[in-house]
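Quick setup: one chain, the form predicted on its own, written in structure tokens, and binding and motion questions come after.
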């Protein structure tokens, strides 16, 4: 039976993910071996295969853990009682902040997604589609109620905003002049300006 924690109480899956994330970010997914991951995590290959079936599964989990957090937060915002304009702004800003907070995960994933098996790739696309559809439903709610202009299809509005989000890992630097919240506010305000009648 594989140990579930190490000496300091850190669960083995989290240690493996932390090591894999660090190595994938520094060296690239394709140039990182399973052996290097287990050595960095201080566990055996058996432990890795106990929790993750493959290196492919680790790459998927790097992205999936971020997407789970974002989905939970979006669901909470979308289900809230605030006016639709406020919920859209909050959701638009939140995805920027959570992406910047997990910039290594995002950049690893967008750089390495093509390495996923077809089955994992399909799974990730379905998970992302669920998030985008929930976001689109908020835009459509605002368009139906007349709060937002409806000239631009909601799908295009979503693609416009998420294009900016997916591009963050290519230019955002923590030591730069803008905080994550400032970037999030600017991008959310741009989206709302584009939506207003």
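Residue numbers count along the first chain shown, from 1. Bear in mind the structure is a predicted one, so any value in this text is a computation, not a measurement.
Omitted from view is the form predicted together with a further copy of the same chain, to which the following refers.
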Please name which of the stretches 154-162, 62-70, 46-54, 33-41 has residues with heavy atoms lying within 4.5 Å of a further copy of the same chain in the predicted bound form.
154-162
Should the three residues 15, 84 and 144 be counted as contacting a further copy of the same chain in the predicted bound form, with contact defined as a heavy atom within 4.5 Å for each?
no
Contact label in the predicted bound form: residue 181 to a further copy of the same chain, heavy atom within 4.5 Å
no
Does residue 186 reach a further copy of the same chain in the predicted bound form if we count a contact as any heavy atom within 4.5 Å?
yes
Though only this chain appears here, would residue 122 touch a further copy of the same chain in the predicted bound form if you measure heavy atom gaps against 4.5 Å?
no
So, residue 167 and a further copy of the same chain: in the predicted bound form, are they within 4.5 Å at any heavy atom pair?
yes
Given a 4.5 Å distance limit between heavy atoms, list every residue of 27-65 close to a further copy of the same chain in the predicted bound form, or none if there are none.
27, 28, 29, 30, 31
